[in-house]
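Look below for two forms of one protein chain, each set out as structure tokens: first structure 1, then structure 2.
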Structure 1
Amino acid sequence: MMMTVTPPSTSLQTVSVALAGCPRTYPIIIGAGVLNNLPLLLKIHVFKNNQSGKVLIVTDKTVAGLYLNTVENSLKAEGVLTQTFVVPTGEIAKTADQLSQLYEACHAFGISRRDVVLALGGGVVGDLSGYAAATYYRGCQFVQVPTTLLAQVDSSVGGKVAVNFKDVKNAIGTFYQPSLVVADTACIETLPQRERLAGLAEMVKYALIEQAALGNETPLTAETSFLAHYEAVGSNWAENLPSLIANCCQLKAAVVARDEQESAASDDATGRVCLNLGHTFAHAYESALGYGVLLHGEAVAIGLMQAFWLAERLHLVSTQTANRVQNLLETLNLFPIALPKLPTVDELVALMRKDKKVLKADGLRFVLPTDPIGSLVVDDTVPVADVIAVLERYHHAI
């Protein structure tokens, strides 16, 4: 099915990712129909000083069927030379083999350092293309056009690019920032509902880490917080996507600007580690059920609730705060997450213990929420008994 894309948007939102070193600052342009503005945006933000260049579009089979024609045609109409490299849909495309074929495509097209590798798709296409862009001729221009919710709020921002190697996820990777991110929120309309909810879970995470993400310098007020915004829009979130996505990108940009390469101390809850709220639980569920059974965002939704319940048991947050989070997740259909099979509590704890980042001398290590909501701490001494109690509580709720 070929999609007709919404006409160019009149209300675009721009978030700037301000990295140390001015030339590396780049914009994220967000709006419904912004895909149609792509040639102009490339001209302004990528091909500066009236230079032009070639664009190698990398996409997956599914996204190619939906949006490739629009992108190709709009670029060709402006005289931009394009070629396309289509990978299979799904995680199977994030391999060294696909990377090698992508290098072949760069070579055949005669890509130089001033030309563009443009990722049109979800996080898989973004991660693969970004790694190719980072390494081909020691780095050519990279543009992200994310089409999943997860990619629009997370993977396209921040510069982590990678492919998997053997059975290790993201084993071959680096940090490489794009020159431009263009997030067309109209693309989310064609995304399957499960993928939309999985992306939404990551978006809620941003609302729950807002104070930490802002580096504790800007005190939040209850009325203006991102969380209050979510609570106000509730189940109408899809109608408010551009502003919600812009909020997420602002928070990720703030974290990345402070801790671009995850070099902050591991106990600094305002470093990149803050993005991992709920992820220790999430990874255990993903691993226990077998990768691909749960979407990552679904596992994150489970992990967020469990992190707040754990913090409640440890007196870091009030019961009122934990209930507030549960209410929001319920309203958004993110609580409880149905599981095809229930892993045992012992299995989940064993998986957490296996992770060197989680198992510490005095207990388990978690990024946990603390009141006022939006703030986080890193706790190395979480008793296993409390973790078990939280897992059981969730399993009873399903």
Structure 2
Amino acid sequence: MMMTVTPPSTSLQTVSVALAGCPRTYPIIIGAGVLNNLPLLLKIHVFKNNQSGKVLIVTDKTVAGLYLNTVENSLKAEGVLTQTFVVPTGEIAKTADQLSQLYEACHAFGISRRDVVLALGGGVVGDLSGYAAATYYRGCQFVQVPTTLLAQVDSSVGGKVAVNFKDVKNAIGTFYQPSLVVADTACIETLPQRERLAGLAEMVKYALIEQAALGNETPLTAETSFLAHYEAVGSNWAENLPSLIANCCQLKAAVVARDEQESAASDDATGRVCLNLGHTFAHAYESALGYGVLLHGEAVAIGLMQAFWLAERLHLVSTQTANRVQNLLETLNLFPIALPKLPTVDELVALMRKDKKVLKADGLRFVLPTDPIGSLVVDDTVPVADVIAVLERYHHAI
């Protein structure tokens, strides 16, 4: 069934991503119904000087049934030449084989460097499309139209694009910024509750890294803390969705502006590495269970709790702090996340050793929280015994 998004909102929000040392910025346009403004936004931000080009729409089977008709018709009505490439739904689409087929589609459609690869979907579609856009003819224009909550607050912003290889998530990738991000919050209404919660987990991550994301420049208070706001709205978080999404995007934009390609010193927790809080654990669970079995946001929820438990063991945060985070995750139905099967601890540790963030063989590298919440450190010598204890603690909790 085709879905029609709601009329454009009169209160759209715009977040600008400004890259350090680069005059180019790009906007993230957020609001209900903004998808209907896509042709105008492309004309303003992508097809400048009254020029136009082709648009290759990349989407998955699920999203195609919801929004493809709306996007195709709106673009064609403005005389934009379009073609569509549909991939399977889920992580199975983020492979070298699908990438090769997407290159074939670019070639058949005659995509040039001035033309657009437009990602219509969640993080998988965005990652696959972005890597193709970055590498076809050494880079054509790229537009993100995220339709999942997780993609709207995280994966569509910042330019990380990749595909999986073997048992390593995002093993083949690069950094390639979009020219435009269009986040229609009305799309969230069509998501299953499970996917909404998966997106919420990434949103909570931003609350837990807020001080680091701001570069430690703006001291937080109970009144200004993103975390305190989450605790106040609790299970009613969806009522404030556009502003919450904008807050997440503003924090990520601040990080990306300082450190676009995670090139800051490895021990600088205010660089892009801060976005990895919980992700070393998360990626291990995703890989161990098989990509697509556990949603990325679900894995992140697990990883966030384990990161705070690990920090508690290493005396970086108090037990009170760890309990505060657990209480919030429980309130938001993000703890505990049930697993369809229980990976062995040895399997998870082995996968963590393969993580691209690991630097040394005698320890594991983690981004870890410190007191007060929002501050982080990077430790590349975390004892494996402590990691094992945290993994076992979570497995006992479920």
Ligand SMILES: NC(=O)c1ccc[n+]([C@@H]2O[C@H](COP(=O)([O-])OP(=O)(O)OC[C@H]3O[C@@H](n4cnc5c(N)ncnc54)[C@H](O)[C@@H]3O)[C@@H](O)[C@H]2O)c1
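Residue positions are counted from 1 along structure 1's sequence. Take the two forms, find the largest set of C-alpha atoms that superpose within 1.5 Å, and that set is the rigid core. Everything numeric here is computed off the predicted structure, so don't read it as measured data.
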Query raised in the report: Just checking, which of these two is the form predicted together with the ligand?
Result: 1
Query raised in the report: After the core is matched up, is the C-alpha of P178 off by 2 Å or more between the two structures?
Result: no
Report task. Examine C249 after superposing the rigid core and state whether its CA is displaced by 2 Å or more between the two structures. Result -> no
Query raised in the report: Using the core for the fit, does the CA position of A232 change by 2 Å or more between the two structures?
Result: yes
Report task. On a rigid core superposition, how far has the CA of V390 moved between the two structures, in Å, if you could check? Result -> 6.3
Report summary line: Shift of the Cα of V378 between the two structures with the rigid core overlaid, in Å, rounds to 3.4
